[in-house]
Ligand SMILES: Cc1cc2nc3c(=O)[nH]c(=O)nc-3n(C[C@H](O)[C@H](O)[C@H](O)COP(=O)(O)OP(=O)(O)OC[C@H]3O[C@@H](n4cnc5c(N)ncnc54)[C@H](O)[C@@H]3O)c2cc1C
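Only one chain is given next, in structure tokens, and it is the form predicted alone.
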Amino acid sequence: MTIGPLSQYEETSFWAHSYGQYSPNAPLAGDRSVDVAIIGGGFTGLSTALEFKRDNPGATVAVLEAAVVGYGASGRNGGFNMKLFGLEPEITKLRWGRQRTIDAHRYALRAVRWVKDLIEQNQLDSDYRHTGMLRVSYSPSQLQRLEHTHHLMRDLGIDGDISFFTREQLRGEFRTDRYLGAIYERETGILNPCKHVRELKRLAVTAGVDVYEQSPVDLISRPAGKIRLQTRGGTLTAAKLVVATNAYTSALQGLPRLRSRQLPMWTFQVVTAPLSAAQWESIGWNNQQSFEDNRQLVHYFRPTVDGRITMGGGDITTPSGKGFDHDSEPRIWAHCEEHLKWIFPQLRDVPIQYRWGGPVSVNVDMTPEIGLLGDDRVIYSTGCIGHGVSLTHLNGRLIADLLGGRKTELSDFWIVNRKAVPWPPEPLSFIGRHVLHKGLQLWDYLEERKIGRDQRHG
């Protein structure tokens, strides 16, 4: 697995830069045998390691991270501890039916609470704030869809923490005319993802987990009933393996059946300079909620603890070919800045100080997946499609149950060993991604075309 220069990542990502000096653990050296090996030092891998080690204090558990903890999506994301499972509940209901949509929402709500409790009970330095989240609309068509979503959630009985905000209510909190309506979800929060994933590493190491950084796995094989992971510095032999590489899964050598389960797609973010007290006063936003909008290619934005605004989304890239050197996209960075200042013209002179991007794991039916590969010795998790901060933590608890052979409410959750649709081989896969991408762009254009030219963004 090939990764980009660490110095470039640390310089361009606000989260990594604000973390400051970081000393990674030593790489794997020599040959070792363990009970459980985990590939991927992100939220899924570290949560799994922590939970399994707490269940089995005498077991040996090792995590192999190709770069440094926080290098992948777990350290680069927007930091939303949110309840969105896959895409909108309408799509989940259409694909999976009423009861599974209800079950998915309950799982996602439990995941949000799991993260909040983990931080509070262990006093993690994650900059966590449980401020709630708004999903806003800009056009009458978006507002109509948002109202339909709210009605569906009420019909399903999953609206316990949800309120609908009118335009007048929003004007009372935010000094902008762009918002026509919003769904407000109280049970959500925000955190600093890089600080949090490295706090999770600290918890795992304290529990007795061995974490090896800068240890990319070059080959996976299954000799004599065992699983062998070959790295540049040595080999790790295990009785069981968890593949927690998400967007990077297609780069693994030795598990060909996993390559078609998901594909990486890139999303991008920018962060402003710190706003002055007067600038914050000019835009309102006193309760510091996070936001997503109701577009197909969503924007997401939130405040930071040091008074900045981080803004991302608006478009994605779906590069053809192999490799992961696609973290730069000036067009989308410019779009993010323009969109933020379209919402809040008061910030037109506030500079952008950091710009970065990274891949998220996307599967064909836009639904998270946990599965066994051949038998119960190899477990994988993919497909959080950019909404994985909360899900990955509870997925770790679920995978720990599977590793221990425990039949629990979590291990019976319907995403386990579900019949997922694989991505087709190239070039059909690229054509399909391209058509989907253009379709989403067209949908957003049609819904927003009646916004006046002087008002339209991007």
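Bear in mind the structure is a predicted one, so any value in this text is a computation, not a measurement. From 1 onward, residues are counted along the sequence shown.
From this point on, the text means the form predicted together with the ligand, which you will not see here.
P216 belongs to the set of residues with a heavy atom inside 4.5 Å of the ligand in the predicted bound form. Contact annotation: A204 falls outside 4.5 Å of the ligand in the predicted bound form, judged by heavy atom distances. Although the partner is absent from this view, I39 contacts the ligand in the predicted bound form, with a non-hydrogen atom inside 4.5 angstroms.
A residue is said to contact a partner when one of its heavy atoms sits within 4.5 Å of a partner heavy atom; F43 meets this definition for the ligand in the predicted bound form. Checked against the ligand in the predicted bound form, the residues L236, L146, I316, A73 give one hit for a heavy atom within 4.5 Å, which is A73. Residue-level contacts in the predicted bound form: of Q142, N363, T101, N77, one residue has a heavy atom within 4.5 Å of the ligand, and it is N77. Here the chain stands by itself, but in the predicted bound form one stretch of 424-432, 58-66, 22-30, 407-415, 58-66, has heavy atoms within 4.5 Å of the ligand. Shown without its partner, the chain has A244, T245, N246, Y248, L252, T267 in segment 237-267 as residues with a non-hydrogen atom within 4.5 angstroms of the ligand in the predicted bound form.
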